[in-house]
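Taking the form predicted alone, here's one chain by itself in structure tokens.
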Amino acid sequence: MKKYSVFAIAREAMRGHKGWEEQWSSPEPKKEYDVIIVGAGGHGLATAYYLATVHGITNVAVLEKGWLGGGNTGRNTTIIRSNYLYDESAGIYDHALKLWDGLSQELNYNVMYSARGVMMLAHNVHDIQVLKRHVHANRLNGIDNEWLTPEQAKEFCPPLNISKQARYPVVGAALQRRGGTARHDAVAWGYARGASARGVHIIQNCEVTGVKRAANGAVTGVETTRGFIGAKKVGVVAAGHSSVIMNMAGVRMPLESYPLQALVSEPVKPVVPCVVMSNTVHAYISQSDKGELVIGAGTDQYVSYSQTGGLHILQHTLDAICEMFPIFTRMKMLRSWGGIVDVTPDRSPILAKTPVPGLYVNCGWGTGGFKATPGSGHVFAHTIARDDPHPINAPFTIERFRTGRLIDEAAAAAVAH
């Protein structure tokens, strides 16, 4: 694998950029692998990468029914933060945030991580109480988070409307300065490139149609549209379709799948210096490197596998954005899209072994999956390689929905982000 550098760019420029290697190979599937990962999104590719780099397991196949990164990884709004309430959530999301900080160097691929800050607005007394509780809880866990007055919030983000005449006036804000954004497709490409260079097979257009089990119940491989592929271990990382894949193995999951929508505006000069979120009005905004305003909404009200969603959700979101930022009322929207998010009853993920020997699942990230990508892949690779959870993901079991030891992050995950 060639190393990317300014010298490599200059060298290739001199010869018409004809010497670049392909980012990752596209081999034909072998008959058998040590590990199969179902889903070539950010989490699945990160899992394969860390299996190879940390645990030395390179006989791995990542199977994707469509194209690499074409699911939620390519459809999210790229926000990164770790200001979650409970210790378990703080642990896994901050583990990810620490990995984000050096990920471009780790992968030798620019993922465009930008620690521009994530500001969460308060509009009433309840919001103040909730967000201040988050601030204090985060500080106890060594995670940066601070309380801002409305005036300080406007100083940090000048376009913000803090007028007391607003329908939901801003009465304060919580700011995590280490939070920010990254380039979603670059993350998938970087992990794919790194994994492929270490021998991992990335097989696109290969849909899993069944999970095969031996007489003793253990997995033996998967049926696909390209034939049967054997494996002693199978990790399911299929986002909104995780419950569908797990059902093939006879495992019922506590998941519901909802459409989640976002949209972008026409590009303008830099105007939004950070990420601004509001749980009360269910809207958030940041600005891409191309100048587009990236706007996200809450999930649709009804379960669905549609990647479109209801138009009224977008209308509600834009109404909220225009109230928080009146200067954007004349902006034109360019395009909208949707993804399919898998949601657990407590709004926290599942990263665990399953009752089926050799079967592992990474799912239930709901609206917050992108930010966890490197941390999720790192601990899930540990779980698969050692058949035992990493201490960070040990609490995120399926069994917690039977025992009642829930990790209720509904307040922290109330907005699609």
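Numbers follow the displayed sequence, beginning with 1. Because the structure is a prediction, the values reported are computed rather than measured.
Keep in mind that the form predicted together with a small molecule is not shown, yet the notes after this line are about it.
For the options G91, G339, G179, G190, the one in contact with the small molecule in the predicted bound form, meaning a heavy atom within 4.5 Å, is G339. The partner is absent here, but in the predicted bound form a heavy atom of I245, alone among V170, I245, L160, V111, sits within 4.5 Å of the small molecule. At a distance of at most 4.5 angstroms from the small molecule in the predicted bound form, all three residues T78, Q261 and K371 contribute at least one non-hydrogen atom. The chain is drawn here without the small molecule; in the predicted bound form, the stretch among 171 to 179, 231 to 239, 144 to 152, 130 to 138 whose residues come within 4.5 Å of it by any heavy atom is 231 to 239.
At a distance threshold of 4.5 angstroms between non-hydrogen atoms, G39 is in contact with the small molecule in the predicted bound form. At a distance threshold of 4.5 angstroms between non-hydrogen atoms, T367 is in contact with the small molecule in the predicted bound form. Proximity of T344 to the small molecule in the predicted bound form falls outside the 4.5 Å heavy atom cutoff. Remark: L63 counts among the residues lining the small molecule in the predicted bound form, judged by a heavy atom distance of 4.5 Å or less.
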